[in-house]
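Just one chain follows, in the form predicted alone, and it is written as structure tokens.
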């Protein structure tokens, strides 16, 4: 896919002398640059736009992160969490997936943001891991931004991958829908970095994942990373239910294992499409042709709407059987699901979040 190129770059004063700022400017020659004191100066450019979310993606703000970089994955009420930690190195995404939760989370702050104080982030991660060296951690950068979509202009992986190669009690997951893996090839990853992809049938990609590479291009990128020695991860999340969904999702599994070695896959997650009510309004406004809201959804205890339970269980079981048919040992887990659903799909329920650690040992 093409390199992201914003229409304007805004740089906050405290970030203007950072190395990451210099790298970004060097990779985006000719893009207008404005130095600002307050992010509101940039937000004012999109506040009155007809589609602030879309317009905000065209503006890149380089700033320092004022708070904590490393946080526990928030999960949702009464749903089992996989004991994951997130690193927020950037926020927002130039891809245009109709179902993306960031549309709601960042509706009032829709700029593309990159945090330039990388040194502070690495120091914080070091302190976090040093606090309990007896524990193994899974961390990832894909919560509030695609992990690789900006890497061609930030070069962020050239810092974070060698850093994790030196860690003994943690692995880093870089989660993406892109095929932008050039910077990863040749880096010292120490077998401590998992590159993972969100996968969907090509029909879903065409209809609801605008600006993203095809399934074939994602899998080709995964194979490149496998050949470079990386472990891989894959996420069937969100699973969309529609006529012929079963046939087409089975086809994705078959294509996946025709390209990559299942023994190099660290984990696969399954998760049904879910959304807060706020997102319905946004999807209908921004993607009026999308059929993604046409399924049978019910409100759940965490406030999100999900497919009816028996529909989710059926989808998980069928995908699990297909995956295990290729490699019974691949760790497979459910994202943000209840104990009852876990029991009906796997025949057991993790008794605590920590007990899930055995899956990823």
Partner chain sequence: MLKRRNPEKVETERIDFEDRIFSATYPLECERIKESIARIGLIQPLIVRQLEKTGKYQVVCGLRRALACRELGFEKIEAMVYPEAELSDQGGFLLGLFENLGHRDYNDIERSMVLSKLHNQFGLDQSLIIGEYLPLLGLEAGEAIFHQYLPVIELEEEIKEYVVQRDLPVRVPSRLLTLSPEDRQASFRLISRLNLGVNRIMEFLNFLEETSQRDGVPIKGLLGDREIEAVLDDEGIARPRKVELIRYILRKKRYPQLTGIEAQVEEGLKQMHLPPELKISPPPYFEGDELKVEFQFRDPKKLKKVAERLLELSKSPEIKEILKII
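Bear in mind the structure is a predicted one, so any value in this text is a computation, not a measurement. Positions refer to the first chain, counted from 1.
Heads up, the form predicted in complex with its partner chain isn't pictured, but that's what we're talking about next.
Trainee: With the partner removed from view, which of 326-334, 28-36, 62-70, 288-296 is the stretch that lies within 4.5 Å of its partner chain in the predicted bound form, judged by heavy atom distances?
Mentor: Heavy atoms within 4.5 Å of its partner chain in the predicted bound form occur in 288-296.
Trainee: Although its partner chain is absent from this view, report whether residue 340 comes within 4.5 Å of it in the predicted bound form, heavy atoms only.
Mentor: Contact with its partner chain, yes.
Trainee: Contact with its partner chain in the predicted bound form for residue 158, defined as at least one heavy atom pair within 4.5 Å: yes or no?
Mentor: Result no; residue 158 lies far from its partner chain in the predicted bound form.
Trainee: Would residue 203 sit within 4.5 Å of its partner chain in the predicted bound form, counting heavy atoms only?
Mentor: No, residue 203 is distant from the partner.
Trainee: Does residue 344 reach its partner chain in the predicted bound form if we count a contact as any heavy atom within 4.5 Å?
Mentor: Contact with its partner chain, yes.
Trainee: Using heavy atoms only and a 4.5 Å cut-off, determine which of 53, 43, 319, 311 is in contact with its partner chain in the predicted bound form.
Mentor: For this set of options, the contacting one is 311.
Trainee: Exactly one residue in 284, 264, 220, 250 has a non-hydrogen atom within 4.5 Å of its partner chain in the predicted bound form; which is it?
Mentor: That would be 284.
Trainee: What residues, if any, in 30-66 have a non-hydrogen atom within 4.5 angstroms of its partner chain in the predicted bound form?
Mentor: Residues within 4.5 Å: 48, 49, 50.
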